[in-house]
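First, one chain by itself: the form predicted on its own, in structure tokens.
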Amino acid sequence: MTGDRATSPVMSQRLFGADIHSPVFLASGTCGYGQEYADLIPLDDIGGIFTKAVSVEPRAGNPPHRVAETPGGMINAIGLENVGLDRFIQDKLSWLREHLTRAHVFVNVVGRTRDDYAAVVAGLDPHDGFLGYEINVSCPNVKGGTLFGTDETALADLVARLRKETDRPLIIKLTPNVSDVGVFARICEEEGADGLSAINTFPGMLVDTRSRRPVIGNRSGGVSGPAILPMGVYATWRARQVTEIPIIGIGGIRDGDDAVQYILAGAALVQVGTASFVDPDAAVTTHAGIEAYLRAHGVATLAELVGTLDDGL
């Protein structure tokens, strides 16, 4: 179905039981808890945010340096620093509830064990101010951060456990560091996940040749930015081949054209992360770029573009 080029395309979609007016979200770990960006961009003009990680206990994170530029983006080893469950509920969630009217919030959840993840979900579930959870099983810059994301049995057990804890949407953030991301995507769907985030960062290292030491205090970290866009698009496409649940594309998105690649590959939504450090307005301009693409190609609604890649097969 195509529409009149003069007519504004419909950007909204009904996903996760909610009307989401923009496909563009800010990525976890790059926008804090939302308040940090409130004076930089109109948060209600985009789809919403995926918060910084929340664990049961507060975490201090890794030693400095934590962030460095790379030729194709950046490397970080923040170490999932966060205020912990209690302070998140008291300080951060209350702010989100009071200040966001249209933007949706997904809380990024981390843990060392299944019980840790379950405790965060159970602790948050009675509260309002957020739509659902993004379960982070794929952080490469903390010890054991990819344990659940790279072990089929562990992932299945975790998703099944969390499904029992909540009726809210469960989105599993996949790691690219597996032989076939499709296998893990299918496991998530089979165990009751409502959506997938594809993908998290890749492990990497930078070396200061003068000191002969790693640039990052943690030695290694997660690589993000434009360099990983092709891998993210591929992971999204591969997950779409084997699952029916919505996919949120992440990795290297700087503008509307980057986002449309993910959408054609099968993503219903996208997250903008590293680009926001270069241009805080990147999420807003990405939304405008997607809308311009739809108008230029006579596409009436965003939903009809999702997964329409002509892969030549």
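A residue's number is simply how far along the shown sequence it sits, counting from 1. Small disclaimer: the values here were computed from a predicted structure and weren't measured.
Just so you know, the form predicted together with another copy of the chain exists too; it's not on screen, but the next bit is about it.
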Counting only non-hydrogen atoms, choose the one of 199-207, 102-110, 186-194, 164-172 that falls within 4.5 Å of another copy of the chain in the predicted bound form.
199-207
Would Tyr234 count as a contact of another copy of the chain in the predicted bound form, using a 4.5 angstroms cut-off between non-hydrogen atoms?
yes
Does His287 make contact with another copy of the chain in the predicted bound form, using a 4.5 Å heavy atom cut-off?
no
Residue-level contact is defined here as any heavy atom of the residue lying within 4.5 Å of another copy of the chain in the predicted bound form; does Ser179 satisfy this criterion?
yes
Contact flag, Asp257 vs another copy of the chain in the predicted bound form, heavy atom cut 4.5 Å:
yes
Another copy of the chain in the predicted bound form has a heavy atom of only one listed residue within 4.5 Å, and of Ala239, Val223, Leu96, Val159 that residue is Val223
Selected contact from Leu131, Leu124, Ala227, Ala118, since only one has a non-hydrogen atom within 4.5 angstroms of another copy of the chain in the predicted bound form
Ala227
